[in-house]
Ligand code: NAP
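For reference, the chain that follows is the form predicted on its own, supplied as C-alpha cells.
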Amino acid sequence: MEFDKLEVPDEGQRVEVLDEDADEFEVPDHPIVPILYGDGIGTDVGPAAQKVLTAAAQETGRDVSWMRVYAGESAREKYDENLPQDTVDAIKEFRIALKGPLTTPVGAGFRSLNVALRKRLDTYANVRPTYHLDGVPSPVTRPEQMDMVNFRENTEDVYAGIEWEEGTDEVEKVREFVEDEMGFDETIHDGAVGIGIKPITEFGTKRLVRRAIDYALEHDRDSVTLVHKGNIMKFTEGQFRDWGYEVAVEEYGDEVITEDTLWEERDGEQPDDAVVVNDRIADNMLQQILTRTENYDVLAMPNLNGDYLSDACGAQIGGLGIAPGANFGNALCLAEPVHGSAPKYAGQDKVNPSAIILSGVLLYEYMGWNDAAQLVKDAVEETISSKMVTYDLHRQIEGGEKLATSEYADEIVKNIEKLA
C-alpha cells in the first residue's frame, strides 16, 4: 500500500494475517510497527517507549523498524486534519501499532480521536490489565491484591457518538419523536436539552465477552465478571448481562460455569479447569474492587463502565501513569496508555513513561514475544524498586533519585541489558 505522506522503513516486514476472523497471524522477527507519539506529553513518552522496546527486542534476538504516523496536533501540522486516512491505513496494513495520548476537548470542538480511531479500526476490545509493581506508592494498604484485567467494549454504548446538541433542529426533532411517538411526554424537562442514544448490541456484546472468556481460559484465570447497571437500564446494560451469559452457557460447555450453577449444583466448589462467569452491578463493583479485591480476575463491561472501572482499578496500583492498555480487533492490536496528554507538561522531559512502556508489553505479548515482554516488565519494576524514578513517584518515595523521562528510559534499558 502507498501512503500520501508517510515513509515506510526500508528494513522490516509486515505481519502476515493467516485468518482475520480467527485472529490468526504470524509476526516476523523484524516487523514494521507504526508508532504515534500523540499530543502533549506524547512527544516525551513516545520516544522513551520506543527506546525501551527496541532494546528488549534486540536483547531477545529480534528488532523493530518503527514507522511514524500522525494524529491530533502533529497531523494538523502535516495534513491539516486531525485523523488522516494515512494513519488509519498504516495501522490496518501493519496490524500492530503503539500510540501515545491524544487530546480531546471538553464540550465544543472535535470528538475524541481515540474513540474515532478505535471505531475506524474496529478494535472492539479495550483491554487494561491492572497489577502492582514493587516500589510504586499506592493509596491502599495492600496494592499487591489488585490483579485484574478489564475488557471494555470499545465501539458502542454512549461512546457511539449518536447525540444532538441543544438548540438545534435535530435535537428538537428527536425530542418530539421521543415525547409524541414513543410516549415519554413527561420525562424530559422543559427548556434546552442535549440528547444522546445508548446502543448496546448482541453482536458487540458477545464478541467482547467471548474475548474475555477466551483470555481467562488461556491465562488460567478463575472468573469473568459482567459489570453492568442492568437494574436501571434493563434493555441496554441488562441485555449486555443476558447476552454475556448466553455466550458462557451456549459456547463453552464444561470449560465455563455460571455462578448460579456453581452454588446450586456444586455448593460453591469451583472445578479446577473451569472459569466461573458471574455479574455485578456497576456501582457496587466500584466498592468491591476496594473491599474484595482478591475475589475478581477478569471484568467484561460496556464502554462507559469500562472507562470508569479501569481508572478506579488503576488508582489502587499507583495511578494512570503506571496503567497500560491496548485495543484489539481481529488480527490487529493498537496499544496505548490509559492516561491523557497533560499538555502543560509537554516537552519538559519530566513525566512518567511507564504506562506507554507497559502498553508495549501488551503489544509484545500479542505478537508472541513473551520473553521480550517479560524482560520489559521486569526492567521497569527493577528500575522503580531501586528508586530511580520520575518526579511523580519521586515526591512520594523517600531517598529516591529523580530522573527525567529520557533518563528513566535509559535506566530501564540498562536493566534490560542486565536482566537479559
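Residue numbers here begin at 1 and follow the sequence given. Keep in mind it's a predicted model, so treat the numbers as computed, not measured.
Form predicted in complex with the named molecule: not shown, discussed below.
Q: Among the candidate stretches 48-56, 365-373, 350-358, 62-70, which one is within 4.5 Å of the named molecule in the predicted bound form when only heavy atoms are counted?
A: Comparing against the named molecule in the predicted bound form, the contact stretch is 350-358.
Q: With heavy atoms only and a cut-off of 4.5 Å, decide whether Ser341 touches the named molecule in the predicted bound form.
A: Although the named molecule is absent here, Ser341 would touch it in the predicted bound form, with heavy atoms inside 4.5 Å.
Q: Contact with the named molecule in the predicted bound form for Val276, defined as at least one heavy atom pair within 4.5 Å: yes or no?
A: Contact with the named molecule, no.
Q: Would Pro324 count as a contact of the named molecule in the predicted bound form, using a 4.5 angstroms cut-off between non-hydrogen atoms?
A: Residue-level check for Pro324: no, no contact with the named molecule.
Q: Would Leu320 count as a contact of the named molecule in the predicted bound form, using a 4.5 angstroms cut-off between non-hydrogen atoms?
A: Taking the distances in the predicted bound form, the answer for Leu320 is yes, it comes within 4.5 Å of the named molecule.
Q: Checking a candidate spot here: are Ile213, Ser223 and Gln270 all in contact with the named molecule in the predicted bound form (at least one heavy atom each within 4.5 Å)?
A: Looking in the predicted bound form, the three residues Ile213, Ser223 and Gln270 all stay beyond 4.5 Å of the named molecule (heavy atoms).
Q: Only one of Thr236, Asn114, Ser138, Asn303 has a non-hydrogen atom within 4.5 angstroms of the named molecule in the predicted bound form; which is it?
A: In short, Asn114.
Q: Identify, from the list Tyr345, Phe177, Tyr308, Phe184, the residue with a heavy atom within 4.5 Å of the named molecule in the predicted bound form.
A: Partner contact (heavy atom, 4.5 Å) among the options: Tyr345.
Q: Just give me the residues of 145-181, first to last, that have a heavy atom within 4.5 Å of the named molecule in the predicted bound form.
A: The stretch does not touch the partner at all.
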